[in-house]
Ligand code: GAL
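Here's a solo chain for you in structure tokens, the form predicted alone.
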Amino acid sequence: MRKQNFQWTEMTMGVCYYPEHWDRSLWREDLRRMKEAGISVVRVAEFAWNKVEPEEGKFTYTFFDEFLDICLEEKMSVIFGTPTATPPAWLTEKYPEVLNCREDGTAYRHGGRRHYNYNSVKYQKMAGRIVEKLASHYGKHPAIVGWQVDNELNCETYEYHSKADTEAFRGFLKEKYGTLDALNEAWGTTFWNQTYTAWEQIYVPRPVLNDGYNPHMYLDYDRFISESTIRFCRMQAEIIRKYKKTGDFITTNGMFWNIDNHKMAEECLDIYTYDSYPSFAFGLDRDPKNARDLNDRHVSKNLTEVRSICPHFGIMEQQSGANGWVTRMAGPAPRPGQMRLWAMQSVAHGADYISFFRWRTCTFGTEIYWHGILDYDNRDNRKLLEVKEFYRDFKKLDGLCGAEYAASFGVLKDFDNVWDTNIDEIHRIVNGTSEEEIFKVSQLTHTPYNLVYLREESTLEDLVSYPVLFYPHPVIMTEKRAELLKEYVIQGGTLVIGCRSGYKQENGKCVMMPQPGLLRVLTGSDVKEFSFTHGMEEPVWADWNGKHMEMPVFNDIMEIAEESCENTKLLASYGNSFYSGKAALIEKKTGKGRTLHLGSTFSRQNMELLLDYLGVKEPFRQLVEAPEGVELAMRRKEGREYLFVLNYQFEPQKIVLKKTMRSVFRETDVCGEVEIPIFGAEVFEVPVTK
């Protein structure tokens, strides 16, 4: 895992602010009210291109000069955003080639946001120029402490279909394959007579009948989008880096699709920030019958993903009010306590900076229902009081700034397989089921995990801290990845894979070898048949030493491979369906470690059995007894341990502390039964064992 270039040294609270939305007479008063609440940083300017370049080539700095000088006088720090997410009307009208297009080639028009494309040479030039002007003028301003590149890269859309994108895609493919023969081979274009005889015949995806697209082309297209996005981010970061003060950081916000966020963070950023809106779970567009079991608690899954990119991250937009546009996404306001709970949820998972969105609800535009801390009337309110209460407790956590999240096991991912799930419906169903169930069992049994991405530069050092690694469904497997996994197992690690593993190569083609392909040497398993479970029969199950184990969604029907009999054993056999009696769970020892192959997707029930068997379930059971309704998380620093208890329920929850601990917020020692109020969040410092 890369070393971060920036980390906060104390817990810091901020807010998103839009001076261009408010009369100048409000600026100073707003900043003073923010400071009274504990806010010491504002993010500005990410949608304000016209305030600096109102006409092409005419630059004025008066507006932000005035605002930043007031910030300096009021001792308010600033994160300055580059305004490239919303190009101005004069630009899109004069240069329509900068616009992104729908799949059918129809251009998106001015009036929304993120309607540009990364590969327009003209947009790259215009975006680079505005960033150069801003960074050269404001780079040394003493009020500025950080820079945000663009806003929510690949939000709104993560596909690009303009003429410029097609031209850039061809260049990407020429560099990757060199010849059309090599491309045709990689894409299997002999299928359905798709063979290309000239580069000009290749386009970014266009509408095809019944979505019968070439999956190998789409896999490269997703990689291309990621590279295009990262290049755009890198261009801005390199400009800013020339002018910024030493110590000022570069970040971007959000976590969206078709981006290798790990690569972007490593190549472009000093710190990564996320936008957290837990009340999406309660939106009016959600069918309550299909609501996720964990509702707002589900954001913890996203935060686990963020932590894999940057262990000590920031939240650039932490929800403070109801969310919604005039056109979509209507959601309820946070109930009393939920703002504080959701912010503490972010802190529990590794955030050392919390910036609420936004200071005051805008009175005009598309987001008039995306509420801030203050409402239209600008009066003090319950939300502002809750921000103050959060800050009081937040600062009591200064001692754990930079603390590590304590994970009991790891879950492996890689971008080849992430992007394959965008394309392959079978892979998406199987993998999505397992990812969701692993998260749920982690939450409900209080067994936290980390995500670990396998990348080209990954080494054994990235894996060895985890005694157990789950790699749910690595459909695409490479020799390099398989060798790294073998090293991990040999040195003593336990690897667990699920069904549908190892049957594709990097270009998405299926391999002509027994499944699980390159992993077979580790698993000792030989998949003879495979199938989705049949909806007309009872749920498929397996017998594991007398224990009934679920085998849902998809099944590998296995035997122990002949060459692996000596070090391999059968742990469970199918108990029904036409493959009753066949192997359902196989374990093979290699070196000091072992590999388990489960012939199904993961579920809460079979995961609990596996976690028990592997000895990693409920790592905090010696400290606390807690109901499923609360989340437990721990951060560790310099020998000290901080236990977070988060109650997402609409009723109080009782926990039992099994030893005396220090309540960080109450500043008292507590032991035994403790009631966590509705939407309550508590942190306990665990006594150091001598």
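None of the values given here were measured: they were computed from a predicted structure. Note that residue numbering begins at 1 and tracks the sequence as displayed.
The same protein also exists as the form predicted together with the ligand; that form is not shown, yet it is the one meant from here on.
K.L.:
I need to confirm a contact call. Of Trp90, Tyr213, Trp257, Trp325, which residue comes within 4.5 Å of the ligand in the predicted complex, counting heavy atoms only?
P.N.:
It is Trp325.
K.L.:
May I ask you to choose, among Asp220, Glu367, Asp526, Glu266, the residue with a heavy atom within 4.5 Å of the ligand in the predicted complex?
P.N.:
The residue from Asp220, Glu367, Asp526, Glu266 that makes the contact is Glu367.
K.L.:
Could you tell me if Phe602 has a non-hydrogen atom within 4.5 Å of the ligand in the predicted complex?
P.N.:
No, Phe602 sits far enough from the ligand in the predicted complex that none of its heavy atoms falls within 4.5 Å.
K.L.:
Using a 4.5 angstroms cut-off on non-hydrogen atoms, would Glu436 count as touching the ligand in the predicted complex?
P.N.:
Flag for Glu436 set to no.
K.L.:
Would Trp49 count as touching the ligand in the predicted complex under a 4.5 Å heavy atom rule?
P.N.:
Answer no; every heavy atom of Trp49 is more than 4.5 Å from the ligand in the predicted complex.
K.L.:
Using 4.5 Å between non-hydrogen atoms, is Ser162 touching the ligand in the predicted complex?
P.N.:
Result no; Ser162 lies far from the ligand in the predicted complex.
K.L.:
Can you check 402-410, 90-98, 380-388, 271-279 and let me know which stretch has heavy atoms within 4.5 Å of the ligand in the predicted complex?
P.N.:
Answer to the contact question: 271-279.
K.L.:
For the heavy atom contacts within 4.5 Å of the ligand in the predicted complex, list the residues of 539-564 involved, in sequence order.
P.N.:
The stretch does not touch the partner at all.
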